[in-house]
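Next comes just one chain, in structure tokens: the form predicted alone.
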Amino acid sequence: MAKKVLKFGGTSVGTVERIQHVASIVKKELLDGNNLVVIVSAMAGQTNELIKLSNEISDKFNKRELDVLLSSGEQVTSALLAGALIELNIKAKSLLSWQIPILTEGQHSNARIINMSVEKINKYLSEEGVVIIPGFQGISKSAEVTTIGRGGSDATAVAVAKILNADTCEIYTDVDGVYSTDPNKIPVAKKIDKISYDEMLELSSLGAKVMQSSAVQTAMMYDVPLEVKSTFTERKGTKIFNQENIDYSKSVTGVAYSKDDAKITLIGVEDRPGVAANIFEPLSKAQINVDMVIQNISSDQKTTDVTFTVKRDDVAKTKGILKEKSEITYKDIIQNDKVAKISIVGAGMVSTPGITYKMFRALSDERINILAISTSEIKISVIIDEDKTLDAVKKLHTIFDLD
């Protein structure tokens, strides 16, 4: 008898009919002899509606109360799914985070799960019952309701699977697995049957929205087997494995892209020790994530141009911080928020020479100018003009035999 954690995303539980369909999937898994813990997201669009309500009260809505408000979405789904299972004559019970409890630490809206009591869950499983847990939330040591960031139900599922020593964690969504790129934009994209944690972590952090990157990272740290499956078809999904299962024979596994980046350049920065720290330290303290960084030193070696990327939502905040800091001197600041980040990911890149050249030549053939470059062992990312995004993705998808 396997112990499974099943997680169902917002689209999977978006309507009462879909919740009833999820109940039928859970019933089938139970009849197959599995012990089941089910993690659910809020119904599709519900979290946005709750945020909208908070904004009508105040654009600086209290963060403690916001966590109380937003956590209600998943609680609604938990009760509805438990009720749907009971209607199918399945023993089922929703357990809220404070009832278990699921312990978190960190700030409101950005907490993380650190532990969980297993007694109530294991007792109910031993009685052949199904436990339904709302994702995305927990309770702090001071008994405050906390949430763990948008998309946090994936992280809840992985944490629960780890603490319960589950045999597998299955992530149900509206697609039947992980694809080589966005199948909605590139119809020739193909489903990946197996992928490593490392590759999945890169793809999810680069814009692939199948799984939350922090959940993949937790699964990788604790070797929790994952599978991404579709709620709406019975096709096999994508299995996500540890390092030993990387397919080094394939140089590139997928192409990811995101359109929420912006490029900022500081012109004529004084070239001396500590300048980079002065630029990026206040951004870090303001919780602004800096991605690519490029520095070009002038011929007289007295000034430099510093280019970096941030999320578009952070552009105004970033420029405001840089203009306020008197210790940061520069001639001008330029922004470009009409850019996109294109990335190729693949474990085989480590052992395959010429990948960088092949990527750059392919983009050159399409007359696509590269504005910034970032690399790691299994990833190459470039910033390009946003209007060339699909042209770049299609070309790279073809050139690396992913069609």
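In this text, all values refer to a predicted model and were calculated from it rather than measured experimentally. A residue's number is simply how far along the shown sequence it sits, counting from 1.
Keep in mind that the form predicted together with a small molecule is not shown, yet the notes after this line are about it.
A heavy atom within 4.5 Å of the small molecule in the predicted complex is found for exactly one of 42, 342, 38, 345: 42.
Interface membership of residue 146, defined by any non-hydrogen atom within 4.5 Å of the small molecule in the predicted complex, is ruled out. Using a 4.5 Å cutoff between non-hydrogen atoms, residue 323 does not count as a contact of the small molecule in the predicted complex. Among residues of the shown chain, residue 202 is not one whose heavy atoms approach the small molecule to within 4.5 Å in the predicted complex.
Remark: residue 151 counts among the residues lining the small molecule in the predicted complex, judged by a heavy atom distance of 4.5 Å or less. Contact with the small molecule, judged by heavy atoms within 4.5 Å in the predicted complex, is confined among 109-117, 216-224, 151-159, 260-268 to 151-159.
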